[in-house]
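What follows is one chain in structure tokens, specifically the form predicted alone.
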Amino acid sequence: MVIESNKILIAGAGPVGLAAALFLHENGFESNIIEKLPSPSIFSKALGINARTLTLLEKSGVTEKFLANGRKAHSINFHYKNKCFIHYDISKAKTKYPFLLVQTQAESERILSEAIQERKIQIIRNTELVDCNSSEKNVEVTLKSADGNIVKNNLPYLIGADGAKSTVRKNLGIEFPGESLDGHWNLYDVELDTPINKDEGHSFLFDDGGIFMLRIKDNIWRVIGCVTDLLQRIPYGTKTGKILWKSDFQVNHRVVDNFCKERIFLAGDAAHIHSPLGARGMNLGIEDAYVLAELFKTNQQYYYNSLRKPAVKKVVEMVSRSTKIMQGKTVPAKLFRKFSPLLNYLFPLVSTQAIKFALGLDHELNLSKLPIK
């Protein structure tokens, strides 16, 4: 295990850590990435890549490869009692990328990793960060390899992109406040023969919860929801085939008290988690990485928390409201169902903001407003 002491260390080789290394390289900074897993995940996980992410990754050439690999989804339909009450068309948005690009996280990581390798950025696997602390001058990290070898290093900066159970965050003692929603959600990647439109996303609301369906590729669909007997509640006439991946989980909405402490920074799930509705998780984390790399370029990285925390909190609050509507337990959620026949007429009044949210364009990055040192 060789960690170069003059380079920024990134903990976590998921899409956020990989994107951070890529953005830093574009701005003239060298980094190393460590990852405790021996190989990349094979699971689909995050599926949607929005317009903001595609724009941020353009310069690196990754966007072009994403577009060649993924599938474009231009609209989402909302159904209640077997009727579609909102057709959510994002194709008319005034952006270069008026769609959600559907691509598994495994494929996104593969393409990002290839870009990393082209730039000769080192990814050190089977290596876990077990301790870290920061001073005004440097960061001290303790790393452990799979064979039990312990190494201590002093580094200029550390970026914790090491997931929701972040060791970096825990070592810093940064609080992770928020809420845990009642009930469990189920997720399936499953082969389906279904009569519903295969090129659009579909949200089905029931009195006791909801289901969201999106085709990944071929006849493989992502089905996620908070109702009992999930696969028995999908549209009439659908035939279920092989289940490729399944997971059940509890939804948490949390944002860290502080995105940084001295020379250590948090990004992605290490800093914020929320339900998968809206496909904002991975995208918001890649945006973290971009903003941090841009701040490094002008030596303003210590503005990171003041920029990211309010922007992320706004998104997480919106996701939380949408998730509770899907669950159907709150008064607004019940009213949403009761008045669903009217919503198709009212939707144009809020469609601009709704489309911006879907595309990740619902807030500005505000980098140009910072004072230049």
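Sequential numbering from 1, following the sequence displayed. Keep in mind that this is a model prediction, so the values were computed, not measured.
The protein also exists as the form predicted together with a small molecule; that form is not presented, and the subsequent description refers to it.
With the small molecule left out of view, the stretch that reaches within 4.5 Å of it through heavy atoms in the predicted bound form is, among 145-153, 295-303, 71-79, 239-247, 239-247. Contact annotation: of the candidates L158, M213, L112, A161, the single residue with a non-hydrogen atom within 4.5 angstroms of the small molecule in the predicted bound form is A161. Each of E35, A46 and L129 is positioned with at least one heavy atom within 4.5 Å of the small molecule in the predicted bound form.
When contacts are judged by a 4.5 Å heavy atom cut-off, T167 counts as touching the small molecule in the predicted bound form.
Remark: G360 does not count among the residues lining the small molecule in the predicted bound form, judged by a heavy atom distance of 4.5 Å or less.
In the predicted bound form, the small molecule sits within 4.5 Å of a heavy atom belonging to Q105. The small molecule is not drawn, but in the predicted bound form it has no heavy atom within 4.5 Å of H253.
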